[in-house]
Ligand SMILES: Cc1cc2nc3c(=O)[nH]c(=O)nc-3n(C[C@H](O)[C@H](O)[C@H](O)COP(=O)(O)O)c2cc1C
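The form predicted alone is given below as one chain in structure tokens.
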Amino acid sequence: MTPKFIAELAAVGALAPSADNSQPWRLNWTGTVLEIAHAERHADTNVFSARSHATLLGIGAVAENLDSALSANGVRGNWQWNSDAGQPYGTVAIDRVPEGFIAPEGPARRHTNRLPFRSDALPAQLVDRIGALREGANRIAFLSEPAQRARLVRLVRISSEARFCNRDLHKWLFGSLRRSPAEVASGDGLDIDSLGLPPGGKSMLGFISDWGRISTLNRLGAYKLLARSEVGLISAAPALVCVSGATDSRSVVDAGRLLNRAWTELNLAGIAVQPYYVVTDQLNRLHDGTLAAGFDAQIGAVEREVHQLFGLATGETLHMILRVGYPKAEPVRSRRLALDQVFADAS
């Protein structure tokens, strides 16, 4: 029988954020260690492999949740990580298995808010605390000065233009949406109600869900209009939290830890958060040759400006942008896969 503590621990770990709520992980209890391994879900639409940057961020976020739960229970974890994102990614051995379990508040409170935020400035003490967070070679930049934010928003817009012209990403996005009650109840992907769409927004999504239709409209410049719409909320945000650091697989896992820690602390402080991954995703596509045709020069220029804006060294990148601010309303939250779909007792 699985120890109750281990099952509860795995449930907290699995509350981590992932690309469009894809939850690309599997937690396995061997009787001595808890493993984090890759789980490919919806292979026909998935664009992120086991070794992809987006997946590794999610794995780091799972590890951060697990450590948060272990700490809340006074349990020490001993981590071992495989090189180059081998499987399993890593294991954690714990010094004891308590009978009871204390759930930390943070992982359950962390969520995405895609609704408009208030324009109030964030408290200086909170900005300083979040800005001082570090994990391995990764760090945080807090952009609240208008010129800096406008500069980064421009890079988001250019990157969004490239994304809206990418057939694989179009397939991934619409494959991730959950519309019917049965689809929403499945527990992964994005509940369409969580997007905070304006009146007519669902109909518009349905209209552009056909790649043949949107590719035709893109020849008339639709991708530019869609990208401008994409940056409306981030342009109005009072601050942007940016995680950057090295690009080797272990550093990206560490970046996922740092991302999750900052996001959780912000939510616990009553600050709303929405992640923007599009810049990093397009930079990765520039290097692996999967950009939409015709965007290499533009995304190359984006990369150079990202390095200037954040003072990045060779071998470093921007891992994630978070739009942050005080919420105007509580969002709908996408659901999670059942525990038996993300956890197994292999002992």
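Given the structure is predicted, the values throughout are model-derived calculations rather than measurements. When you see a residue number, it is the position in the sequence shown, counting from 1.
Another form, the form predicted in complex with the ligand, is not on view; read the next lines as being about it.
### Message
I need to confirm a contact call. Of 274, 251, 73, 176, which residue comes within 4.5 Å of the ligand in the predicted complex, counting heavy atoms only?
### Response
Spelling it out, the residue with a heavy atom inside the cut-off is 274.
### Heavy atom within 4.5 Å of the ligand in the predicted complex - residue from 166, 148, 218, 112
Comparing distances to the ligand in the predicted complex, the residue within 4.5 Å is 112.
#### Entry: Option from 49-57, 26-34, 285-293, 298-306 whose residues, in the predicted complex, bring a heavy atom within 4.5 Å of the ligand
Answer to the contact question: 49-57.
### Message
in the predicted complex, is there a heavy atom of the ligand that lies within 4.5 Å of any heavy atom of residue 19, even though the partner is absent here?
### Response
Flag for residue 19 set to yes.
### Task
Evaluate residue 66 for contact with the ligand in the predicted complex, applying a 4.5 angstroms cut-off between non-hydrogen atoms, and reply yes or no.
Residue-level check for residue 66: no, no contact with the ligand.
### Task
Would you please decide whether residue 318 lies within 4.5 angstroms of the ligand in the predicted complex, comparing each non-hydrogen atom pair?
Close contact is absent here: in the predicted complex, residue 318 is far from the ligand, nothing within 4.5 Å, heavy atoms only.
### Query
Does the ligand get within 4.5 angstroms of any non-hydrogen atom of residue 190 in the predicted complex?
Although the ligand is absent here, residue 190 would touch it in the predicted complex, with heavy atoms inside 4.5 Å.
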